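Take a look at this one chain, the form predicted alone, written out in structure tokens.
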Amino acid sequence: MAGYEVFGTWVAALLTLCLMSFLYKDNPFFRFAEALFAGVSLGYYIGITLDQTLRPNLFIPLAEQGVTGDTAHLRFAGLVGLNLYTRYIPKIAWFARSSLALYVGYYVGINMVQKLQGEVLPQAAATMVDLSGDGNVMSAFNSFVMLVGVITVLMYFFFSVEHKGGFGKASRIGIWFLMLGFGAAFGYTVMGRVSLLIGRFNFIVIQWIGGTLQSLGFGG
């Protein structure tokens, strides 16, 4: 590896060790790496927003088209964004609430439609299964389990009826389906984090230690 590559690898490896030191206890090395990561991430996010959002969608159109009727919506959006920063002026800090209300309301409305079309309706359609299984016993059994799971989980969240008797037993079955679902999701998350940990160990052993030894002339 070149000299700058070795230096970058050492910085990344030392920061990785600083973050992993939290497994022992909270310490200044971990807090330094945590603060550095947060600061770099925020700076990178600001740069990306300026370069890929504000510049092409606000600054360039206003510079090319000027103050015309076609750019009225851009000027309004820019003023709404600038109004958020009045929060740092105590006397007029309440001005920022109007921009925040517009921002939240706008994105709630958009996300509501997106969630409905992208998640709620497809998931509802996926529960409408063929109980016959097209002659396949296992497919029919899976469809039956899906039907029972959906109905019992919905019964558990139906709070207008007291959960006792047959309704209560069905809702308790729904709890088991919920726990199975949560357990599978949690297990998937844990495996994802373990994969990240394995990736960092591979980086430390192969790229940091192995790459450093190779740059010093040890090994092929």
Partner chain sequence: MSTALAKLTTIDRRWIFLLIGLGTLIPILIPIGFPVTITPPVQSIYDKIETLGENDVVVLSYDYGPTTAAENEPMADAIIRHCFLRKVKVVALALYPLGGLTAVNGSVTRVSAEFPGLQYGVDYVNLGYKDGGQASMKLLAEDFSKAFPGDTNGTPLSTLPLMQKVTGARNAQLAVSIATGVIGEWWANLINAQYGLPVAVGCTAVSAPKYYAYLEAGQMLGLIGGLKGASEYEQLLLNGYPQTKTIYSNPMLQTASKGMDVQTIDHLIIIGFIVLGNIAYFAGRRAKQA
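In this text the structure is predicted, and so the values were computed from the model without any measurement. Positions refer to the first chain, counted from 1.
The form predicted in complex with its partner chain exists for this protein as well; it is not shown, and the discussion that follows is about that form.
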Might S132 be said to contact its partner chain in the predicted complex, defining contact as any heavy atom within 4.5 Å? no
Hey, in the predicted complex, is Y44 touching its partner chain, heavy atoms inside 4.5 Å? yes
Whether Q52 contacts its partner chain in the predicted complex should be assessed with a 4.5 Å heavy atom distance threshold; does it? yes
Examine F37 and determine whether its closest non-hydrogen atom to its partner chain in the predicted complex is within 4.5 angstroms. yes
Residues in 103-121 close to its partner chain in the predicted complex, defined by a heavy atom within 4.5 Å, in order: Y106, Y107, I110, N111, V113, Q114, Q117, G118, E119
